[in-house]
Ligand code: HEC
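To begin, one chain is listed below as structure tokens, in the form predicted alone.
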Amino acid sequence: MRSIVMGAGLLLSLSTPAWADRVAPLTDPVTLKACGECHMAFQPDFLPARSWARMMDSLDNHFGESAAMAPDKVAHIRKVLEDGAADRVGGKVAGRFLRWVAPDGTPQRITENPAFLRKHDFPAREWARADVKSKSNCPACHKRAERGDYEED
């Protein structure tokens, strides 16, 4: 009986809003270091695999900057991102993001996804704050974002 009660408690805790905005943390040290040199290394759950593939194919112009790196490192990071992509792992957050992606779409900016925009409908002055600076600076408002926790702080 105790295991049934514990199991039910776990099920309830996983279905509460506290888990609604959490994704698997990105833990690969190569990806964390390479991507984290310029910005938070985003969890792959936010884009489909084809988007990550396109991004890795265009590192010479990564949002206006060169993020070119050795081919073996590109291959490693591509595998990490594609294996953990929203359309490969599923999950609540991934499902919310994928719902708005065209079947053949390859979005590149997580911050342009309607699911993101709906949750982040703030006045321009909020995005202009010195501690925020851009919509892609998730840790400014979500202190545990790098661990995959996007609950409101």
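A residue's number is simply how far along the shown sequence it sits, counting from 1. Note that the structure is predicted; figures quoted are calculated from it, not measured.
What comes next is about the form predicted in complex with the ligand, which does not appear here.
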**OP:** With heavy atoms only and a cut-off of 4.5 Å, decide whether W100 touches the ligand in the predicted bound form.
**Re:** no
**OP:** Find out whether any non-hydrogen atom of T27 is located within 4.5 angstroms of the ligand in the predicted bound form, and reply yes or no.
**Re:** no
Original post:
Applying a 4.5 Å heavy atom distance criterion, does H142 contact the ligand in the predicted bound form?
Top reply: yes
Original post:
Does at least one non-hydrogen atom of V80 fall within 4.5 angstroms of the ligand in the predicted bound form?
Top reply: no
Original post:
Would you say all of M56, K119 and E126 touch the ligand in the predicted bound form, counting a heavy atom within 4.5 Å as a touch?
Top reply: yes
Subject >> the ligand in the predicted bound form - contacting residues of 60 to 75, heavy atom within 4.5 Å >> reply: H62, F63, E65, S66, A67, M69
